[in-house]
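As a starting point, one isolated chain is supplied in structure tokens, in the form predicted on its own.
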Amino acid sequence: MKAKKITLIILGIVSLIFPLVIRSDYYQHLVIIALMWVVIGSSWNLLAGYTGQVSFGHAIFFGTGAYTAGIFVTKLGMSAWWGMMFGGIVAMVFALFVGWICFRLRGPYFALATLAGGEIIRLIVTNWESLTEGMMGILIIQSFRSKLPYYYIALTLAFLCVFVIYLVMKSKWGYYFVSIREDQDAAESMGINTTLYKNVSLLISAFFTGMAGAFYMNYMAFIDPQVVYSLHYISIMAILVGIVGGVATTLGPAVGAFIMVGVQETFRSAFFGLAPKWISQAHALVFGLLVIFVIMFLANGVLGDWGKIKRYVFRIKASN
């Protein structure tokens, strides 16, 4: 336990001084994106990993938060940072609607319902041009020219998300979430209002995902429905982050976020220009192979099976 606390303190110090030491905009950008995925992955993990409600529709909440921030600028003439404050709240409103419909279903039917819901919302946003500008997307002016403010905002958001979820899972709600995941019928027989607590888990998850979407709008300064409501780039990526890092672990999604962003960027840049350009098109294939490897050999993810990884590594060193 003491070693774990020391490790967390070291990680905290490194994260605080990173942009002051590494001045490259490129590497700061990668870490900012990874921190955003820490928020999304941790939020998905709360609903799917801890509560057992596997969602293929987290793009709904991410896109809603992003468009809330964008509409605050284009339609209301307000700062997109006000939109960031309300992005999570508006995402929660959408989550209430999603929960009201989808929590009537269980297991794969719930997952398919969230997948269909995400595509429906994407089509609505695409065609509601008077509000969302449709396929033209929303373009705003960035508030800061330096990446330093964005880095610390993303870091704060990631810390708050992980810390709040940690506290929730240590509370009575956390025990209710896990009991629903393990056996919903048994939880109901014990007097737990499973529909209520599934919705509570969904609301918390949607709030932080919406905040991440609103941050994305402020940081990238441009969004369109094909990006922020994308099944592949948002919803599936959120699942991969959780699976690779470790489902139902506090810091697993954080580990998974940095791994997935690192792998994605390595292949997107064709190993930073050292490999043929066609390699840049292979990142989806590599994601699939990585997930297959994790499922076959690290079923609990990198963090969940960290003890197994250490034993395997030390065994190799001993044999050498």
Partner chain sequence: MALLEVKKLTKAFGGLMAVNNVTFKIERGEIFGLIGPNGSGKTTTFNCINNFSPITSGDIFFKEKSIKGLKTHKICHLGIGRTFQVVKPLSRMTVIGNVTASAFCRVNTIKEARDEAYRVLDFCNLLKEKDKLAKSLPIEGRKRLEIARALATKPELLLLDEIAAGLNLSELDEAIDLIKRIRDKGITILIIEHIMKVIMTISDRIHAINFGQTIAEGTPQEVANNPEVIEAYLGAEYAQG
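Positions refer to the first chain, counted from 1. Remember, it's a predicted structure, so these values are computed and weren't measured experimentally.
Beyond the structure shown, there is the form predicted in complex with the partner chain, which is absent from this document and is the topic of what follows.
Comment: 165-173 is the region of 114-122, 165-173, 128-136, 209-217 lying near the partner chain in the predicted bound form, near meaning a non-hydrogen atom within 4.5 Å. Contact here is defined as any heavy atom lying within 4.5 Å of the partner chain in the predicted bound form, and by that definition not a single one of 265, 281 and 285 is a contact residue. Though the partner is left out of this view, residue 77 does not reach within 4.5 Å of the partner chain in the predicted bound form, counting heavy atoms only. When contacts are judged by a 4.5 Å heavy atom cut-off, residue 143 does not count as touching the partner chain in the predicted bound form. Contact annotation for residue 189: at least one heavy atom lies within 4.5 Å of the partner chain in the predicted bound form.
In the predicted bound form, the partner chain sits within 4.5 Å of a heavy atom of residue 179.
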